[in-house]
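So this first bit is one chain, no partners, the form predicted alone, shown in structure tokens.
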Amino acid sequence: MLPIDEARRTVFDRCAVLPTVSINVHDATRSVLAIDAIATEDVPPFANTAVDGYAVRAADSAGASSASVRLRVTGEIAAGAAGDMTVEPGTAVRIMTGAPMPRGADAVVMVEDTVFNGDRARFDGSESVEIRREVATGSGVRGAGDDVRVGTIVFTAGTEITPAVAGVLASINVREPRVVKRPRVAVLSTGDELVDDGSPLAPGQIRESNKTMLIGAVDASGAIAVDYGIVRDDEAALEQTLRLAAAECDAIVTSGGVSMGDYDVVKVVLSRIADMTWMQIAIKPAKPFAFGLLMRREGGSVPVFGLPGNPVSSLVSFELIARPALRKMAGHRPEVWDRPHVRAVCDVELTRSPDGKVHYQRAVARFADDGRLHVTPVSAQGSHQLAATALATAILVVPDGSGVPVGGEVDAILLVS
């Protein structure tokens, strides 16, 4: 049997990073930057107020904390206004959050620390404000470039564009960031026994579940899942579907038909049209796994991930091998190909016997009062028992041997992004 690390290397070495494209920043979330994002503008572009209040000269507020200071109000500046005003000694300008600071002012007194006297609609020179709190120079002011300065490398290549990153890119006027293309991944199921239209089951039929699960898993990885449906047990139909998927997508995910003893149309067709490696990996579940490259008629090739048919095995092999490979193709840095790994405390004994395999037990993880992550295996660990696995929040890596005692530590793969 093949060690899991060797199986992963075999797959990763043959999955190339996809080409780069320019994309509208509004559509860029979940893509990965292909080049550094460098600021060409200051953020904010001008000094502005962080609060609603009054722009003042800080020196004019001296002593206001013990006895209020009265200043003449000469105008008002709203957010979006030009702010072409000047604060002279002994005066103040009412100002709204985000508005540009007027000339002469070097601080803002929050409106909560003031009392206005007069009619704001007129500003005829008789209006005034009582300042009831002394402020220091710079108080309540956001300076130009306070967040980002021109020339700063804001994000390096390999950074995933989260909603916040997209917001920053927009703020520095990166309208079309250069990114690695997000993989389009064809997901398909095969078998005359599968039903996915809600109709009553005939004898020998089962509901489709793997394709539905894997479409969600592909999307959750950051790639784009494309549903190629259920292909019946017909070699010509399967070959036609696989070749169409290869022409339209960047990778293909199938499940079932990869075990050593299987005679399945998936194995027959892929063995004929693709350069496949059929593996027996030293893990439980998900021992059988297939990987290869399917040549496109127009040139180039597409990775094919052949996952085992049992749903839990299919999910585990996707998490361990297919998901990180797809993230490599999408341009993610190696350190984030996999989900987070942490050390956790076992709240129950993890029983197993030596068999030459690493066991991957599904579990529920929680932080306890001791501040450490604690794990408890889900109730059923069979490779066909997806219902028990569905609510798992971690996969425990139990090395070959006799298991882990209560209170012992175990490596846990957290099923979070």
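Values in this document were obtained by computation on a predicted structure and should not be read as measured data. Note that residue numbering begins at 1 and tracks the sequence as displayed.
Same protein, other form: the form predicted together with adenosine monophosphate, not shown, and the subject of what follows.
S.K.: Check residue 88 for me: does it contact adenosine monophosphate in the predicted complex (non-hydrogen atoms, 4.5 angstroms)?
M.R.: Contact with adenosine monophosphate, no.
S.K.: Residue 255 near adenosine monophosphate in the predicted complex, any heavy atom under 4.5 Å?
M.R.: Yes, contact at 4.5 Å.
S.K.: When the contact criterion is heavy atoms within 4.5 Å, does residue 206 count as touching adenosine monophosphate in the predicted complex?
M.R.: Within the cut-off, so yes.
S.K.: Residue-level question: is residue 264 within 4.5 Å of adenosine monophosphate in the predicted complex, judged on heavy atoms?
M.R.: Yes, residue 264 is a contact residue.
S.K.: Using a 4.5 Å heavy atom cut-off, which of 207-215, 320-328, 292-300, 340-348 contacts adenosine monophosphate in the predicted complex?
M.R.: It is 207-215 that comes within 4.5 Å of the partner.
S.K.: Ok, 140, 285, 102, 311: which has a heavy atom sitting within 4.5 Å of adenosine monophosphate in the predicted complex?
M.R.: Filtering the options by heavy-atom distance leaves 311.
S.K.: Find the only residue in 168, 180, 73, 194 having a heavy atom within 4.5 Å of adenosine monophosphate in the predicted complex.
M.R.: Flagged contact: 194.
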